[in-house]
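Presented as structure tokens, the chain that follows is alone, the form predicted on its own.
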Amino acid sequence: MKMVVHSVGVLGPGITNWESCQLLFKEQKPYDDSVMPDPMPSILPANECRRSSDVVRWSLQVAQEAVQHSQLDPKTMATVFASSGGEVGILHKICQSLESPTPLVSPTLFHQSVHNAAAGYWSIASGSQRSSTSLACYDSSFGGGLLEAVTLLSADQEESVLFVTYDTPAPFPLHDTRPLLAPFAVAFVLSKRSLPNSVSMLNITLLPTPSNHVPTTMAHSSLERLRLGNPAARSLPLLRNMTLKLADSVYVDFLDNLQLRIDHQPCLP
């Protein structure tokens, strides 16, 4: 299954956008994971942005960056949002409310707690009425979302798809049962046809395991910890190949007994 990556948005510890990510992989700046972004996506009104959750701000920031770089109309794009945990911060607040002497749940918290909250915020902010899928595949959420996006394109259901994958760590005590290292989010604008400024071409193959390949890792120890510490950061080896224009394959474990091979080819100017 083949697709074209028109543009990228990315956010993580020490990574403020796609440009800073590229500088990092080109070794033009050191990696400092102590610098944590505080996104405020301008696509949301200021008051709405302040009231929204970390998940919404992180996911919409990368979605907005990818769409702006693509120069395509977000109203024409179907969306796929993938996250292993979704609104873990909101879930924590609801659990606190239920544990209180008067267990009352705020209607605002309740409507923000659903797994497709980020996709809903994006649809409202962008004015998009295209189809939208929100899914969770635990540690395989990056691969699951990418597979869903390419399936939509391959089935001729959509001309372009905005794929966003993200996760943020849960507060204590939920964090003890599902520890994530740090927040991370990435977005791709995908389609079947190349444009003058498209970044890459991808060919996705679903493999049974055991295969002859282990998951592709990062040589930088801190980036490898990040890759393992957040399901959305499983995208890091692919982002590296995109930056360095490497015609190479990335292997990503998928569910319990499958693997994705992502063959990458740069789009040359």
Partner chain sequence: MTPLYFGHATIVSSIGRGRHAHFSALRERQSGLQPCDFEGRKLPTYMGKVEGVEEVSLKSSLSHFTCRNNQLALLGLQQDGFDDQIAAARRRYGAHRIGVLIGTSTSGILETEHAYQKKDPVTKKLPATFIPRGEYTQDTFSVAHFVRKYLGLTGPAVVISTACSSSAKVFATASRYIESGLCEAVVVGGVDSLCLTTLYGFSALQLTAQGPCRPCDANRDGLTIGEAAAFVFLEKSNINKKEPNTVLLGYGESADAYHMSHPHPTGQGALLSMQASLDRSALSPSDIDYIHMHGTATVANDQTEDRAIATMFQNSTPCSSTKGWTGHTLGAAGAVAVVLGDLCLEHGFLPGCLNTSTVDPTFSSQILVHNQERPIQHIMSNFFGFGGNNCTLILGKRR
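Numbering follows the first chain given and starts at 1. Here the structure is a predicted model, which means the values were calculated and not measured.
We do not show the form predicted together with the partner chain, though everything after this point is about it.
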**OP:** Tell me whether P45, Y251 and D253, taken together, all sit within 4.5 Å of the partner chain in the predicted bound form, counting heavy atoms only.
**Re:** no
Subject >> P196, heavy atom within 4.5 angstroms of the partner chain in the predicted bound form >> reply: no
Original post:
Might K192 be said to contact the partner chain in the predicted bound form, defining contact as any heavy atom within 4.5 Å?
Top reply: no
Subject >> V161 within 4.5 Å of the partner chain in the predicted bound form, heavy atoms >> reply: no
Subject >> Close approach of S128 to the partner chain in the predicted bound form, 4.5 Å, heavy atom >> reply: yes
**OP:** Note that the partner chain is not shown here; using its position in the predicted bound form, name the residues of 114 to 141 with a heavy atom within 4.5 Å of it, in sequence order.
**Re:** V114, H115, N116, A117, G120, Y121, S123, I124, G127, S128, Q129, R130, S131, S132, T133, S134, L135, A136, C137, Y138
